[in-house]
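In structure tokens, one chain follows: the form predicted on its own.
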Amino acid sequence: MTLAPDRFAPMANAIRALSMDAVQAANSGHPGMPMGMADVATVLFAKFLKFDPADPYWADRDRFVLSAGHGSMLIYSLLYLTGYESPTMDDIRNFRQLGSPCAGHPENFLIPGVECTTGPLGQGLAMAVGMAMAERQLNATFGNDLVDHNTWVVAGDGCLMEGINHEAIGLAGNLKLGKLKVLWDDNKITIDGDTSLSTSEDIPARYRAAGWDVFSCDGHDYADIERALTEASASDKPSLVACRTIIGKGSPNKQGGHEVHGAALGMDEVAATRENLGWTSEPFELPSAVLADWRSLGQTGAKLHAAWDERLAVSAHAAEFKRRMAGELPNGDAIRKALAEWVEGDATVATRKASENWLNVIAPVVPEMIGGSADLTGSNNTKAKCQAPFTADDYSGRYVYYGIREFGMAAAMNGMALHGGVIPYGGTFLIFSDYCRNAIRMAALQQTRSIYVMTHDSIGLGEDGPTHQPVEQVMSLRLIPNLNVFRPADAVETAECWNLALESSETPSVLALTRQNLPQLRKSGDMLSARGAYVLRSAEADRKVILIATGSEVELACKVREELEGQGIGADVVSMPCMELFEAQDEAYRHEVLPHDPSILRVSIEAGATMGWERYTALSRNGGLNIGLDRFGASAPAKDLFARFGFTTEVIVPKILDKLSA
């Protein structure tokens, strides 16, 4: 069914009414953006967006990303109006209230029609870049019959000001992601007031310089909106459509000003807005004719979906396509066999090199793995031999050269994971996880399988000095809920941690890897890293000490144990590659690894901040002992630094003896 433009005004006003009513009921929220972009959104959904409300997860749907997530009532209104199962009108009535999926900012894990969790400005747009990348890679693999869709973004001035926007649009422009369309809510208002208070840049010129096409329209003229979106749809470049809008459109006394940005209109102004719009329905009620027009829009998408289902049914690629889109890994037996065969050697390598070696084994077996690095490929060791570059000339490639764009890379990876069909991983130095941090946090919140390969994980990187030597980063990343932080001790643990990261479909992972070589401390056997921590070496003499270590310090713990055993002091070595997985084990196993025996001294050894280790050491003999680094490092060879900061048996053993005799 094709709707005439004269039907659009009441449809757009339905968005305005739902948005102002929900924000007013909550006395909290942002009515201005959805009211201002209601006309643009109506044309987009009526004329351009490919969607099927009956199946929010249809693989070839267009992706709609509300980067300006504070205007969440826009997407909640659109989903309800077009007939998605969620949210319901009761959900909208309870906007921003406990138990309602209509949270203050859209959350993908609460409502299936929400493609990604947005709110931190700029990240929605950056994730959309990743979605467009995934679409092109899958299109190159499976063809137009199965994969051919756009990614549409609604972004505000704040999204375009954030630094991540510069990273994201530069990447998209270089890759010529023509399926990416950004609708800029150009209302010239931020929370503080007019945008002239804080910016005078020529945004269209910046986008053009990055390789984008730029179009513009009157965001309240339906014909002009359709014209601009038609031009953007035809472009083979990523497109920015500058939609000149009035924030809070329809509110007679507040539209166009910053007061309508982030506060309820107030009952008097809601009433005045109803009168101004000619909207006579009660709050949270919609005229049946208007709702019928909105619901009719899903019919076109349903027909397109049905035709796509027919193509999928006869495609030779159907089984593989379904497997990838379901997020299922290839045959696990083949992966486990490859793991067992690879780690039976006696490798003395840096864990970053062990990671590369394992990638050369696993990447050919898991073709949906898409790697990359923020201009540190040779240092991160993130490129497998089987991976060709993903470029504007060849979207079938499986390796992305992100450039020096750590934040943009991390967010794009999240978008790729959310799109489905690919498993993204990307590398940088661990110290630069601080640049990526909010994207890593968003990965955890959104429950994505994003894998962050962070090398040069301690003072062990050596001469680059304290600017590049992470101290607090590993422990600070462990604070993020639903994030597995792996710090493997050798080649075997590295391979195991990689496998665990791949198997964790709803939990992102950080792999913290060394620059310096480490000896192989055990053979493969059981997947011991899966339990987060395990006894690597058991005491031979009467056990008095438990040494808990991660990464490169596990080797040191083994040497300390040898010294203690030589003096008749029994010591276990516990390798703890992943605190999060250890905490997820049952109490019996955790007590088996770390017995509740106050006579035993527990000692943590990690070349980083000691804060946080108290959970494992404080209740042990004499308060336990934490060996770490609570200061910045220095520039010198790694061996000299470990000695300088006390990571030697000569320094640690006397400290343990003092604790035991206290």
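As the structure is a prediction and not an experimental result, all values here were calculated from the model. Don't overthink the numbering: it's just position in the shown sequence, from 1.
If you look for the form predicted together with a small molecule, you will not find it shown, but the lines that follow are about it.
> Run the contact test on T141, H317 and P364 with a 4.5 Å heavy atom cut-off to the small molecule in the predicted complex and return yes or no.
Zero of three within 4.5 Å in the predicted complex.
> Considering non-hydrogen atoms and a 4.5 Å limit, does the small molecule approach D157 in the predicted complex?
Yes, D157 lies within 4.5 Å of the small molecule in the predicted complex.
> Using a 4.5 angstroms cut-off on non-hydrogen atoms, would A306 count as touching the small molecule in the predicted complex?
Output for A306 is no: heavy atoms all beyond 4.5 Å of the small molecule.
> Using 4.5 Å between non-hydrogen atoms, is D185 touching the small molecule in the predicted complex?
Yes - in the predicted complex, heavy atoms of D185 and the small molecule come within 4.5 Å of each other.
> Closest heavy atom of D145 to the small molecule in the predicted complex, within 4.5 Å or not?
D145: no contact with the small molecule in the predicted complex.
> Heavy atom within 4.5 Å of the small molecule in the predicted complex: which of V65, A41, M33, A607?
For this set of options, the contacting one is M33.
> What is the one choice in G460, G178, P120, G170 with a heavy atom within 4.5 Å of the small molecule in the predicted complex?
Here the answer is residue option P120.
> Would you mind picking out the stretch of 443 to 451, 391 to 399, 187 to 195, 235 to 243 that comes within 4.5 angstroms of the small molecule in the predicted complex, counting non-hydrogen atoms?
Heavy-atom contact with the partner occurs in 187 to 195.
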